[in-house]
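What follows is a single chain, given as structure tokens, in the form predicted on its own.
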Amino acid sequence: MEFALSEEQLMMQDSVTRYLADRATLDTVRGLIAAGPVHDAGLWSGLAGLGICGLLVPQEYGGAGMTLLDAMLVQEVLGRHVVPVSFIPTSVLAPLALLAAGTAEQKQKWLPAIAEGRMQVAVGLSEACGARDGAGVTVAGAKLSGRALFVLGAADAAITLLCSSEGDVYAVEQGAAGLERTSLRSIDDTQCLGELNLHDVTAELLPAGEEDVIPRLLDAGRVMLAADILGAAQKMLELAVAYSLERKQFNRLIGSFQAVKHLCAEMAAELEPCRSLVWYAAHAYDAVPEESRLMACHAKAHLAEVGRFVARSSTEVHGGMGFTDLLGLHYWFKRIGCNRQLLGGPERVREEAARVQGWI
């Protein structure tokens, strides 16, 4: 069996790469986040024009009706360019939640707007994989109360999908009475995270969901974060190699030093096998559902560790320059560090994998 990308998938990834090459340069990203975490509407509009926003939306609602593997390929490119857009919550998690749990009316109401790029959706899943003290959303009389942290895509979201402590998914409109939304600052300014405080907020239940809808959303989110780390780490590796072939010390290129050669080779050797791991995790989500949870956990945990190694080693290759804003390595470094903890750090995710296999 040949496991490789199709010609259409390669063309799609190439189209997104060429679009971002001119419109998401390092200087562009630096300017966009100068005032804090943002979601860039201009870049989002361009991605919508490429049909990226509706990848997972069925064709009957104006989307492309593609798979998580296709979305993962796009996210890898977005991570490579550290693009400040909310692709994971809006174009991946929201459509999957609506398709799994939404009514016909809810799908017709929101999916076409998502596919056209006209609506942003925030998603709060952090409490489903380890709530902090004082956090969590409860339901009383069809109203939500509580606190949701690390909500993905919090900026400019028209609705927010939240998981309750009972395992249901609710949609909360942006201007709902009793809802307090604040930006949650993390080390990574290219991602929009938020904190929601709810006080008897009227919400709309997504009632048709199966019992495993939230775990399925977690699986998809973890695969996408692993893909984002893959793209960011690949870029850092390429920057390290390029720098080693330019920087001279003792009248020699540092890339000729055995220690630097070994460091770059080790980064490449660690990172390259991760690509097939993330590919298969995304493929299993749709094609091999009995393996999807385990593979999502493996992909997220392993990429978190390899990504951190590549981020540190790439910075070391650059020496003192690696810590300066001039090169901008810190944008990829922080993106990898933030993704490492979102939706569960590697230790917690490995514990879940052990439970899936019956080891605990």
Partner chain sequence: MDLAYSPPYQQFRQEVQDFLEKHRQLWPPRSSLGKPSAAMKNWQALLIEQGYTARTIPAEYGGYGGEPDILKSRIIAEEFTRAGAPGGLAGQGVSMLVPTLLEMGSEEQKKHWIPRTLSGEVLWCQGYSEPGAGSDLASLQTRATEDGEDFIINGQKIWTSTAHEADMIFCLVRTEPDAPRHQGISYLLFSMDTPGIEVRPLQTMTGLAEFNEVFFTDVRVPMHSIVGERGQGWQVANATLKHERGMLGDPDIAATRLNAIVQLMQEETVDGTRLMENPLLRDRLLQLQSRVLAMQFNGLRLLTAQIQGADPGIARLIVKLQGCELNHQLAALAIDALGELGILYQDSPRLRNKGAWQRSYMFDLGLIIGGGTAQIQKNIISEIGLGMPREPKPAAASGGAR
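Positions refer to the first chain, counted from 1. It should be emphasised that the depicted structure is a prediction, and the values quoted were computed from it without experimental measurement.
Another form, the form predicted together with its partner chain, is not on view; read the next lines as being about it.
(Q) Within 4.5 Å, heavy atoms only: does residue 283 come near its partner chain in the predicted complex? (A) Answer yes; at least one heavy atom of residue 283 falls within 4.5 Å of its partner chain in the predicted complex.
Q.
Under a 4.5 Å heavy atom criterion, is residue 207 part of the interface with its partner chain in the predicted complex?
A. Residue 207 lies outside the contact set for its partner chain.
(Q) Even though the partner isn't displayed, in the predicted complex is residue 262 close enough to its partner chain, meaning a heavy atom within 4.5 Å? (A) Although its partner chain is absent here, residue 262 would touch it in the predicted complex, with heavy atoms inside 4.5 Å.
Q) Is there a heavy atom of residue 166 lying 4.5 Å or less from a heavy atom of its partner chain in the predicted complex? A) No, residue 166 sits far enough from its partner chain in the predicted complex that none of its heavy atoms falls within 4.5 Å.
Q) Is it true that 3, 266 and 279 each have at least one non-hydrogen atom within 4.5 Å of its partner chain in the predicted complex? A) The answer is yes; 3, 266 and 279 each reach its partner chain.
Q) Looking at 275, 143, 109, 147, which is the one with a non-hydrogen atom within 4.5 Å of its partner chain in the predicted complex? A) Exactly one residue meets the criterion: 275.
Q) Of 104, 177, 245, 187, which one comes within 4.5 Å of its partner chain in the predicted complex, counting heavy atoms only? A) Result of the distance check: 245.
Q. Thinking of its partner chain in the predicted complex, which stretch from 110-118, 78-86, 245-253, 157-165 has heavy atoms inside 4.5 Å of it?
A. Contact criterion met by 245-253 only.
Q: Using the arrangement in the predicted complex, list in sequence order the residues of 341-360 with any heavy atom within 4.5 angstroms of its partner chain.
A: Residues within 4.5 Å: 347, 350, 351, 353, 354, 357, 358, 359, 360.
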